[in-house]
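Only one chain is included here, represented as structure tokens and corresponding to the form predicted on its own.
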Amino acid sequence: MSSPRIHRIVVIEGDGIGPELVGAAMRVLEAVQEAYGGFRLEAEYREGGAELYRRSGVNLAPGTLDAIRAADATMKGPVGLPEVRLPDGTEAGPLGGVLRIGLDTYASLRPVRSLPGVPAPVAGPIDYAIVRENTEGLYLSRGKGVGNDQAVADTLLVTRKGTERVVRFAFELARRRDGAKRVTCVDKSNVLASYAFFRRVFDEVGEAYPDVQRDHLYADAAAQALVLHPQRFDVLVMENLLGDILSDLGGATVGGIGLCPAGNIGDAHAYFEPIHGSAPDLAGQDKANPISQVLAAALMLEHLGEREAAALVRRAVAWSLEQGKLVLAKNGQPEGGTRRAAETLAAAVRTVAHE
């Protein structure tokens, strides 16, 4: 019998509800390894986030970035606490600037899918992916705003290299998906030259993908269409800030961002997380919905090449909801609590694996 494939991962539990969500996802990953076999995850836990900053003045411990670079992938819980702030008034806990820039994970992949048994304000089925440029745009100004007590300016930067690679990522993703094989460029090219440049580069790159349709929408029109006509979309690609906002809007249409994972992916490194925050008001109360973190774990497995295991996790989530084994209350919290939801999903993995 051949030895199992070994994948080395770094795990950052984060702040607020982060440790509870990560614990639930790790329980599901244990069940997948037992039921599916063929691979093993070796996890190294590292600290990061607002609590670490409060104690030490840094939001990522020395050596952690090197550990992440040496690992095959990283799973991160939500980070940040509203009251833990930098001198400029922004939050100190978020790791996006540290990890996205430090790892050059230039594509934020944010799937938006309706799930069975989940009440949602927009009728399904909904199944598309937002690809958010992750290393430039307006968020590149994080910590670099210029101003005084009368005015502050942040700079929106769009480069050819940054746009080409994230657009190429989006077209390659559309080729792999089962959908319409269409990529929609979302921008405000009617107002800002930086967005007009993004659109121009999008069209140039798209010429190399004649088998994938190209589409364009202004960001405000896209916000409306994501609510009124979500079925028209397959893959959407956009600048950093727009992707941050519209992915949350998309999450709301399928029942809430507590259902939505994200993968931050570059050519050499990747890390995976929920798209939502740390919800400190729920921390330690066994109330948080772990689905976003569990689906982030599925994205991580897919990135590691364990596609069948990733599909098993997604089937277990859908089966649990469809069969009423896992029920979400109107506020999005799982009936019976986070730990029970984790055990339900782990049991579903074993059930679905033998069907």
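Numbering starts at 1 and follows the sequence shown. All of these numbers come straight from a predicted model, not from anything done at the bench.
There is also a form predicted together with ligand IPM; it is not shown, and the following applies to it.
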{"property": "Answer option from 72, 244, 215, 127, heavy atom within 4.5 Å of ligand IPM in the predicted bound form", "result": "244"}
{"property": "Contact residue in the predicted bound form, chosen from 77, 94, 261, 255 - any heavy atom within 4.5 Å of ligand IPM", "result": "94"}
{"property": "Proximity of residue 142 to ligand IPM in the predicted bound form, heavy atoms at 4.5 Å", "result": "yes"}
{"property": "Non-hydrogen atom contact residue 275 with ligand IPM in the predicted bound form at 4.5 angstroms", "result": "yes"}
{"property": "Listed range touching ligand IPM, judged in the predicted bound form by heavy atoms within 4.5 Å, from 193 to 201, 154 to 162, 94 to 102, 111 to 119", "result": "94 to 102"}
